[in-house]
Each structure stands twice: as structure tokens, then as C-alpha cells.
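Take a look at this single chain in C-alpha cells; it is the form predicted on its own.
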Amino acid sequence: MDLIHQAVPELDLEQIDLSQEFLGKRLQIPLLINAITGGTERGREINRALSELACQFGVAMAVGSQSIALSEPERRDSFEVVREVNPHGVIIANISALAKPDETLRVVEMIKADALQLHLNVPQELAMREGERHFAGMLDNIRQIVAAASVPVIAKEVGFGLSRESAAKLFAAGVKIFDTGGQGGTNFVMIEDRRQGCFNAELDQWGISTAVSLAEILSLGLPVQVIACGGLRTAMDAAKAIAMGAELVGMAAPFIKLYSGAGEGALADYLQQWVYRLKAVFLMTASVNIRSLQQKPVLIKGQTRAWLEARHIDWRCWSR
């Protein structure tokens, strides 16, 4: 994908407004620090550091799966710390789409969440020798969760992407926010294969890319919000996803790698430079804000274009 350089943007850098309304709160940057960890002391420290970063920069944050804290209450603190550090920010709870409705209510309450991610990870479960094998009834379960939930529900893939067929079914079940979780980022099938999984590396490249998943969902023309996530690393990646129509972009691996390698102190410097580069792309495309960028042309090429043409998806026509 390419964006078009504008040599005379008629903008100053300080005019660029990256703020975005999400879940009834104002974010300063259209970024979600996506679901990573929790449940251990190490996970608690990571969540604390990332929550402080989210608070400082005005971005959203999701925690890792909270199921362990339901069976082992002593681990709740590794998740609760996120809300303690960032009492007014956008915080998102996380649990399996197969969880019982009453369990989803408990994880939301645990961190006073603004929304609930239901993670969809069928390939990962199938790759695990001890994984789940029963997925019939998932949509009905999601429908019950949405009906019982006190906050918006987000359907989140974990690295294999969402097709338009899946998005349509989830929308019919009541879901209005989608996290693409596209192929190209953290590969949980590959991780499970390294743990003596079931696929023997044959399905390491399974999934739908983030760009394609974003286009597939948006092509339905439904009144939904989409978070682009899965392999996004750079400000350029983020700008392209937003230009296609994403409300937010989600990243996880860059933060955990930086924290592990360089320590907590490196996080703010990294994000500050990332924001500068994102603003630079906005200026170089003559886009003063998110809505303006979403009106600019996007050139889609190569394998992504071939996929969309094969699926009869006209990327020039969806509402952005």
C-alpha cells in the first residue's frame, strides 16, 4: 500500500491533531497498546509500566487474558494495577469468546473496563496438544455475552485475521467493534509448534493479513468500528491503516520487546518518536486530522490487491 506525497501541504506540524473519540473518551493518539500479559509478577510489572505509558500519552490499553485471575484470585493484582495506574484512561478487559457470560462480567468489573475483548484463537487452540477442540455454539455464546455486558464488546482475532463472513456473523450476534488481529505479527501457531504442537510447521503461515482483514470488514458497509492490529510496527504502518478506515491501530510486540531489552525508561522515548513520525506522515499527505487522512487516496498493490480483486472487494467504494 502507498499514500500520496503532497509537496505543498499548507500545514504546520503543530496543527496536526491525532486525537480520536473512542468508547466515550478522548484519546490523544489513535493507538491501542494491545493485549499482552498478566497473571504473574513479571506480568504485573509489564502491565504497570505500559499503563503508565498509556496514561502519559493518552492512548488505550488492553490487558492479556484474565481467565487465570478467575481461577486463581491471588493473580488479580497483575491486572488490577492497570486501572490503579490509569484511573481515567481507556482500559479494555480480555477473555476467551468461549467464556461463560458471568465470567465476562467479572473480568470487566476486575479492572473497571471500558470495553471487553473476546479473543478468537481457533488456530492456536488446534495447534496446542492440550487445546480446545469444541467451537460449536461460539456465536450463540457471544450473543449471550453481548446481551449481558455492561460495556461494548470487541471481537478480537489474535493473529489470523477476520474475514467479511466472520465479521458479518459477529455483527449479527451484536458485536459492533472489531480488532483485525491479522496475520503478520506474533504467530501463535509457530509458538505452539515450538512447544511440540500439532501442526509440525505446516500451517505457520495460516491466516488473513491485517490489510486484507481491514478491507474485508470495511467492505461490508456496516456501522462498526475497526481496530487494525497484527504486524503493525511503524508509524507508516499506522498511517496506512488509518487511511484505509481504521479507527485505531493496535500494537503489542514492539512494547514488550523494548521493555524486555532496554527497560521501562525506553518506552516513552520510543513512543514520542513514533508519534512524531506519524504526525510527519499526516503533514506530508496534507492531512490535518484522522478524518482528513481517511479522505486521501490509498494505492493498493501486489498480493493485497490480487486478494481483494479475487474476492470482488472494491476498496475504492467502502465508506471511509
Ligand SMILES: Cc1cc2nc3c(=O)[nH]c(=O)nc-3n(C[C@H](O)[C@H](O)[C@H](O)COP(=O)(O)O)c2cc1C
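Numbers follow the displayed sequence, beginning with 1. No experiment lies behind these values; they were computed from the predicted model shown.
Keep in mind that the form predicted in complex with the named molecule is missing from the display, and what follows is about it.
Residues of just one listed stretch (100-108, 225-233, 137-145, 162-170) have heavy atoms within 4.5 Å of the named molecule in the predicted bound form: 225-233. Contact annotation for residue 34: at least one heavy atom lies within 4.5 Å of the named molecule in the predicted bound form. Interface membership of residue 186, defined by any non-hydrogen atom within 4.5 Å of the named molecule in the predicted bound form, is confirmed. Using a 4.5 Å cutoff between non-hydrogen atoms, residue 213 does not count as a contact of the named molecule in the predicted bound form. Taking the partner from elsewhere, residue 119 is found to have a heavy atom lying within 4.5 Å of the named molecule in the predicted bound form. With the partner removed from view, the residue among 70, 253, 288, 55 that has a non-hydrogen atom within 4.5 Å of the named molecule in the predicted bound form turns out to be 253. Applying a 4.5 Å heavy atom cutoff to the named molecule in the predicted bound form picks out 64, 65 from 55-70, in order along the sequence.
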